[in-house]
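Presented below, as structure tokens, is a lone chain in the form predicted on its own.
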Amino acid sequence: MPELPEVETVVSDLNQKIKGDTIVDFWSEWPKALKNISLSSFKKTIKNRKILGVRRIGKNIFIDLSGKKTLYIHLKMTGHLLIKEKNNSSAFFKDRVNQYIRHKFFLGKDKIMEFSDVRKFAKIVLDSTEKINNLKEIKALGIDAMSLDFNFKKFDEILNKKPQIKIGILIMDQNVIAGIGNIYRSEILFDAEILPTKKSVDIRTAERKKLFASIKKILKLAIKMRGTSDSDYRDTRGAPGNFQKVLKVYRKDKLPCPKCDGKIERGVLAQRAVFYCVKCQK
């Protein structure tokens, strides 16, 4: 599933490529992805609306439209948003034929936003901007990991409120901190030299400061490198990210630790794999 850096990359691309465009038509082969609205009503409602901007909360994408309407999109496990332009995309996409296009947003004569979704898990919600912002699932999200409001004081308060929770579970809880998933959990904790199984109450102030710095450091670097394409993720050009080239521990079990003479181990937390070094992480 795309995590914060991948979704941030997509949102940044969309703001550069489609902000200001008008939706002139829509096609779908999988209308079940449209939640609480029929295909005909969806098409009628979005037609001729201008795209005002694209934003993100955690792993969720919001495309604000004129007339106080918003498209809320979650890419889930395998979703991609691809922008194709008549003038400059044909050559690039010749080698990137995607047979899993489920939806197409036509943006004038020369541009299409295609929504690829291999496993058909992704979803699209259309409603008033106010209602979208106040959806229960959105209101339940914790503070965004890259928000300016997410400072050390806030992080320290979060750990204090959850003293008995293992840190490897806590930082991946979207209702506490939004945006961190399985890949970045392992990389952040390795960078901070803290074991995933360590409880919040046992993490000292100096360690907390180092962990907070690692969260910001790893996510910023991953955004700069346009995300991690460990499996399915692609950006709006259909190209992979680059952070997988610098992964230190994620899916590196049984390989030598890049910091010491030990080996990376694999564990399970909250039914998800986690990767760490028992010598470097305490």
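Being a predicted model, the structure only gives us computed values, none of them experimental. A residue's number is simply how far along the shown sequence it sits, counting from 1.
One more form of this protein, predicted in complex with the DNA, exists but is not displayed; see below.
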Q | Triplet 3, 32 and 250 all within 4.5 Å of the DNA in the predicted bound form via a heavy atom | A | yes
Q | Contact test in the predicted bound form: residue 116 vs the DNA, heavy atoms, 4.5 Å | A | no
Q. Would residue 136 show up as a contact with the DNA in the predicted bound form if we use heavy atoms at 4.5 Å?
A. yes
Q.
Test of understanding: in the predicted bound form, would residue 181 fall inside 4.5 Å of the DNA by heavy atoms?
A. yes
Q) Are any of the heavy atoms in residue 19 no more than 4.5 Å from a heavy atom of the DNA in the predicted bound form? A) no
(Q) Within 4.5 Å, heavy atoms only, which of 111, 76, 154, 210 is in contact with the DNA in the predicted bound form? (A) 76
Q: Just give me the single entry in 199, 104, 131, 123 that has a non-hydrogen atom within 4.5 angstroms of the DNA in the predicted bound form.
A: 123
Q. Just one of 38 to 46, 250 to 258, 62 to 70, 218 to 226 has heavy atoms within 4.5 Å of the DNA in the predicted bound form; which?
A. 250 to 258
Q | Sequence-ordered residues of 248 to 280 touching the DNA in the predicted bound form, heavy atom within 4.5 Å | A | 250, 251, 266, 271, 272, 273
